[in-house]
Structure formats: structure tokens, C-alpha cells
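One chain comes next, on its own, written as C-alpha cells: the form predicted alone.
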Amino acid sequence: MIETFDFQPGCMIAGKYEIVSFLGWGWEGEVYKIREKETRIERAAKFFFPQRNKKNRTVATYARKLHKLRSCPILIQYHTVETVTFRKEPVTVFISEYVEGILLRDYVRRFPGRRLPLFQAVHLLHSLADGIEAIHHLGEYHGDLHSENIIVQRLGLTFELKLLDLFHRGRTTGEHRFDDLCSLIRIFYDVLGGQKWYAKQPRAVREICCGLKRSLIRKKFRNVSGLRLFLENRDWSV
């Protein structure tokens, strides 16, 4: 059973990709920054542990989902799939767009008290809601939203974000979409300082977070679109 690949910079993959650096790892496999030999274009490559990708079902599902959602700018774009041999075992490599940026978790840690000012937190939530809304409108969901799955590319008038690691639990349901909505509100709650600061937050924040009670969130917002509209139409001077 393969538990790590441990590729080093300079290593060639499939005869046409050069390993640039290690980016991260997870339950399914390891992710590396790679460079195409012919074009020098940099991409990201996820090497799946064979035991986590039986008969290529995980990769095929992920590729089809990203292809369906290719018009959603908040998602990293799928490129292609390669197969390489590692320790005499076939390993599937998922090649996608490489995105410069910083994980939201690390971005928040740069601020005093490791929490965002309200203005930035609201714009972050709006950017996330707008991106997830597009995914939901195409009949899908993300399923694994948290601060380590969100890349902050830049901040200007609003946030430019990319999401990582879509999760697949079978056919999309209303409950899956509601889970995404609750995850967005939890991210908002956390970047503002979590429980330690919640009682001191203005009324608008508490109106959004609803004490993180799912029943109250469901009553307040029918869906992610409802959350986006609330953010756009509320008087933030109050």
C-alpha cells in the first residue's frame, strides 16, 4: 500500500512533467506543483493513492464534476488525467490549474488577534456565497468548505478566491446545499474570532450567524442565494 510518494524537485513524471515543489497532502493523495516540459506552464498535480481510488472511480467522479462546473470561476479548472507507475503500481495523476495565493487559514493569521475586520469578513462571505451559488445553480454542491480549502488570490474591492477539494456523497440533495450554507456561515463566524468575540459582534453579524443553530439558519435563509441577497441589501451602517 502506498502511503507517500515523496517526489523531489526535478523529478520527471510521465516523461513530460517536472516536479517543482510539494504543495500538500490529504486522505486521497499528495499534491505537487509541476511544470510542463514542453511549454514551461506550471500546473498542480494530485497523485492519488491507489487504495483511495479503486478502479479510478474517485478521479472520474471528480473530473466529471469539475468539467460540469467549468463555468464557475471560484473553482480550479481541470486539465487532464495521466497514469504513471510508482513501485510497480499504476497511479492516477489529476492535472489541474495551478493557483497562486494563500490559504484563508494563513491569511486570517496575519491580522491582529488572528481575526478579520468586519468589513473584510463581510466581503469574504459575499464572495464565497456568490461562488457557491453558481455551483448550486448547476445542480451540484461543494461539500467540504473550511479555511484550509479556500485560497485567497487577492483582495481589492472584493476577494478573489479559489476552492479546493470538492466532496462527493452521491446525488446532490437540498441537505447537501444547506450544509454548504451552514459551512459558509461557520467560516464567517470563525474569521471574526469565533466564540470568544461573538457576544461583542454587532447585531448584523448575529443576524447572519444565528448562534450557528441550524434550525435558525434554515428559518433565516432559504438557500445561499438568500444569504447573498441579505448581504447586498442590508444597511451596514446600522
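Don't overthink the numbering: it's just position in the shown sequence, from 1. Quick caveat, the model's predicted, so the values are computed rather than measured.
Form predicted in complex with a small molecule: not shown, discussed below.
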Looking at 185-193, 43-51, 202-210, 64-72, which lies within 4.5 angstroms of the small molecule in the model of the complex, counting heavy atoms?
-> 43-51
Although the small molecule is absent from this view, report whether V59 comes within 4.5 Å of it in the model of the complex, heavy atoms only.
-> no
Taking 4.5 angstroms as the cut-off for heavy atoms, does L118 touch the small molecule in the model of the complex?
-> no
Report whether the minimum heavy atom distance between G24 and the small molecule in the model of the complex is within 4.5 Å.
-> yes
Does S127 reach the small molecule in the model of the complex if we count a contact as any heavy atom within 4.5 Å?
-> no
Sole residue of V84, V81, L155, I76 within 4.5 Å of the small molecule in the model of the complex, by heavy atom = I76
Of these, V122, I151, L145, V93, which has a heavy atom no more than 4.5 Å from the small molecule in the model of the complex?
-> I151
